[in-house]
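Single chain ahead, written as structure tokens, the form predicted alone.
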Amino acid sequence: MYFIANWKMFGGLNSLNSIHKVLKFLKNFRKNKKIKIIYCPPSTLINPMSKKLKNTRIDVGAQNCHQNQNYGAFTGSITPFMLKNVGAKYVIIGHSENRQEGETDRLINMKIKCALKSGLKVIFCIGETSKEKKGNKTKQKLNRQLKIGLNKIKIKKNIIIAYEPIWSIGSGLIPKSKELFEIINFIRNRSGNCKVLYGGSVNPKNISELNVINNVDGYMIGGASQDPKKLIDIIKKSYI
């Protein structure tokens, strides 16, 4: 089961010390061979974090990348190759917070292709707004995001889909069990049988409720992943 820790805009060098608690937990946890943890810190921490996690079972990912394979005049941007060069193995693409800043489905498709070509594995985020959910357009929205985002990508073994309903992120609200089960199956069928994770207000209090959904391949965790105790609690409760 995947546990992706999306630190968002959080963390300095001292924050890396918190990983020791997670490593210690993994070493002693009887289900550790079934767990795949991926930390996605800000770009400033990818290299020191990857060095700290060398020869461990935890991987490091980035939170976004540019759609251009080569160096260029794109101030503030980072290519997938540059991310891989400093230790990233994964990259989050299509997160709703970046979509709100102007990322389109077609731009996301370009980024996914570029990341895969550079040798990174992709965590592809999709999700609907509150308005779309109330208008019963969830599947229509997800289908469009998948169709365009994965356009002309035949081999999908290095792509993980993260379903993150926009109305859930940071709100404390999560989908109802039956509804989430149906959506996860819908995404899996439309994506060519990719691994499908759930993200959106995942925390130690609601993880037991989410675990009722037995077709989820793991979780993408935001704010709670910044606290090693909360992250450990989420992992432990996922195996009760």
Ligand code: PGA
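Bear in mind that the values here come from a model prediction, so they are computed numbers and not experimental data. Start at 1 and count along the sequence shown; that's the residue number.
Form predicted together with ligand PGA: not shown, discussed below.
> If you check in the model of the complex, do 41, 59 and 63 all have a non-hydrogen atom within 4.5 Å of ligand PGA?
Replying inline: Zero of three within 4.5 Å in the model of the complex.
> Within a 4.5 Å heavy atom cut-off, is residue 49 in contact with ligand PGA in the model of the complex?
Replying inline: Output for residue 49 is no: heavy atoms all beyond 4.5 Å of ligand PGA.
> Does residue 169 make contact with ligand PGA in the model of the complex, using a 4.5 Å heavy atom cut-off?
Replying inline: Judged by the heavy-atom cut-off of 4.5 Å, residue 169 is in contact with ligand PGA in the model of the complex.
> Does the 4.5 Å heavy atom contact test between residue 218 and ligand PGA in the model of the complex come out positive?
Replying inline: Contact check for residue 218: no, nothing within 4.5 Å of ligand PGA in the model of the complex.
> With the partner left out of view, is residue 236 within 4.5 angstroms of ligand PGA in the model of the complex by any non-hydrogen atom?
Replying inline: Although ligand PGA is absent here, residue 236 would stay clear of it in the model of the complex, with no heavy atoms inside 4.5 Å.
> So which stretch, 161 to 169, 70 to 78, 116 to 124, 141 to 149, is the one near ligand PGA in the model of the complex (non-hydrogen atoms, 4.5 Å)?
Replying inline: Comparing against ligand PGA in the model of the complex, the contact stretch is 161 to 169.
> Going through 91 to 116 from first to last, which residues have a non-hydrogen atom within 4.5 Å of ligand PGA in the model of the complex?
Replying inline: The stretch 91 to 116, when checked against ligand PGA in the model of the complex, contributes 95, 97 at the 4.5 Å heavy-atom cut-off.
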